[in-house]
Every structure is written in structure tokens, then in C-alpha cells.
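A single chain comes next, written as C-alpha cells; it is the form predicted alone.
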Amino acid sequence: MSVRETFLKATEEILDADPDVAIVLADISAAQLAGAARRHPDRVINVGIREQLLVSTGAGLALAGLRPIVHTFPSFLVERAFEQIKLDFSHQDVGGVLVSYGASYDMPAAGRTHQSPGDVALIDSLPGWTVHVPGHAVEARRLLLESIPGDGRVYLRLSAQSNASPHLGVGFTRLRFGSSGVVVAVGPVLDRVLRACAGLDVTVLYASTIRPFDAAGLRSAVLSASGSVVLVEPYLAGTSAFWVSEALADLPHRLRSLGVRRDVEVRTYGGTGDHDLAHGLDAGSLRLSIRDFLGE
């Protein structure tokens, strides 16, 4: 089952089990949740393609005591409706679970309107948000279920790209041990990072939750290896660079940030593999970047 299908199935289960949970849609995924809408017409709300209203409605439900799930593509959820996220959720200090699907460029044939490499950076400008970037459907289900209790603000970023196996640790999970550097992989880039690091003397860390940032986990890995850190994220390059620097402020270190390019807008359509290559996020390009940085 795909990440998106897993999310929708888990959402139906949550709606059936918990009368305090509602989901707000903007047409996206409404057809797949039609059965849940028939069973719970007052808690499955489709506002149509009005994304600012989508977010404001979710915040209103939170003010009324419900736990809202707010869902659409990331360019519409985070970029188009950012003012509503900032004011209606963050400024009013209410909680909810924002769930996007489409990531940085999962739908390249749809063009730039459906690409959102800057979504995590935007959310990161607001305090108090938890950000999950699962790399596997099993991780996505667990992170969604863990996000429902309580009243925190959560952004769950789902992607069509996936790793072969889930990793369910908390914070950074150390998957490989080495001494010449630390390579951090976030979410669905993990398998490409592991292929890129084959035969290299590096420690590989993995995280599906990137906010809050596991400063202690990174420090421990650096102290066991070296202060050369490569950060590989499936969105805007360098999004977590500030947090790396904060975590290692009192330690000698250097950082190479890899992710979606900041210097140009890639105007290619093609497929996701074409975009991976254009941004240097395919396994071969990652290996060249990592080896060049570490001097291997």
C-alpha cells in the first residue's frame, strides 16, 4: 500500500474510532474519503479549492474543541495558505495536524504549481511545530496515529517516494558506523544515501521526524566520528542547517547541505527521477558530493 493510501485508510479508522477528530479537505482526496463522509458528514468537510478557507476552518474546529486533520497538496496547504497557518493556528495557539502529499516534486507533469520544496522552511519559521517527513508507509501511519492525541501543531509531509524498509526509531537512528564523517538522511532520501555511502567510512543517521531536531543524537554521532557533516534533505537544501550549527556550536565542525537547489528553478517536466538528477539527489550525484566533501 502506498504512503497516500496508508494515510487515507488510517484517517478513516481514526474518524470511525474518535468522535473528536475531523478532517478538512479542498477536493484533494475527497473521492477516496467519500465513505467516511457518508458515515460522518459533520466531521468530513470539503471546502472545495479554497485553501485559505481550508486552513481557517481547521483552526476553527480546533477552537471548538475538535482535533482537525487538514489535508491537500503542499503547495496549496503551506505556500498558498501560509498566512492562515501563521495567524489561525500559530498566533491563536491552537493545535492541528496538517498533512500534505506531493512533496517537492512528486507530480512533475503538473508543473511548478504542484511543487513545494520550501514548505518545511516556511513551517520552520513558526515556533512550536513538529515536522514529520516519513520515508515509508509504515512510518507515515505511526506518525499520524501519534499526532492525533494532544493539542500540538504537527506538519506531516507525505511523498510518493519511499524507502524499501521502515525505520521506527525516535530522533536520529544510527544505521551505519564510520569515522570520516556523519551523513544525515531525512525521510525518503535514505535508500539513495545508503547506496551513495556504500564502501565509505561514514556514519549514517536517519530521521523521519526533523522537528524537534535531535541535537543530542547528532552530537553523539559527531563525537564518535568527525565534525564533517553532510545533511541530505528532500526539500530546500540547507533547511536544517541552522539546527545543525546550533547543535554543534561548541564543537569544531563543517557542513555540506544537499537538497533541492536554491540557485536555479528547475523547469523540467519529466519524472521524479529527472528532478532527482537535476537537484543532485540521485544516488550517483550524492556519492560524488559526499566523496568530494569528505576528501575520499
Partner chain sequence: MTTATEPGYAELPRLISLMTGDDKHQAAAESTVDVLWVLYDRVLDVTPATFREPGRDRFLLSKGHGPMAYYAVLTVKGFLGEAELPTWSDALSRLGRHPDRRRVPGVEISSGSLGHGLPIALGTALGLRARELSSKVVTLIGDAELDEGSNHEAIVVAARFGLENLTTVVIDNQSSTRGWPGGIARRFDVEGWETRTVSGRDHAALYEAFTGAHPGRPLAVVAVVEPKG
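Since the structure is predicted, the reported quantities are computational estimates derived from the model, not experimental observations. Positions refer to the first chain, counted from 1.
The protein also exists as the form predicted together with the partner chain; that form is not presented, and the subsequent description refers to it.
For this session: Using heavy atoms and a 4.5 Å cut-off, decide whether 50, 57 and 83 all contact the partner chain in the model of the complex.
Result: The answer is yes: all three residues contact the partner (heavy atom, 4.5 Å cut-off).
For this session: Using the partner position in the model of the complex, report whether residue 93 sits within 4.5 Å of the partner chain, counting heavy atoms only.
Result: Yes, residue 93 is a contact residue.
Exercise. Counting only non-hydrogen atoms and a 4.5 angstroms cut-off, does residue 32 reach the partner chain in the model of the complex?
Worked result: No, residue 32 stays farther than 4.5 Å from the partner chain in the model of the complex.
For this session: Decide whether residue 251 counts as a contact residue for the partner chain in the model of the complex under a heavy atom distance cut-off of 4.5 Å.
Result: Although the partner chain is absent here, residue 251 would stay clear of it in the model of the complex, with no heavy atoms inside 4.5 Å.
Problem set entry | Touches the partner chain in the model of the complex: residue 43 (any heavy atom, 4.5 Å) | Contact with the partner chain, yes.
Exercise. Of these, 139, 106, 88, 214, which has a heavy atom no more than 4.5 Å from the partner chain in the model of the complex?
Worked result: Looking at 139, 106, 88, 214 one by one, just 88 meets the 4.5 Å heavy-atom criterion.
Exercise. Among 63-71, 225-233, 264-272, 238-246, which stretch has residues whose heavy atoms lie within 4.5 Å of the partner chain in the model of the complex?
Worked result: This holds for exactly one stretch, 63-71.
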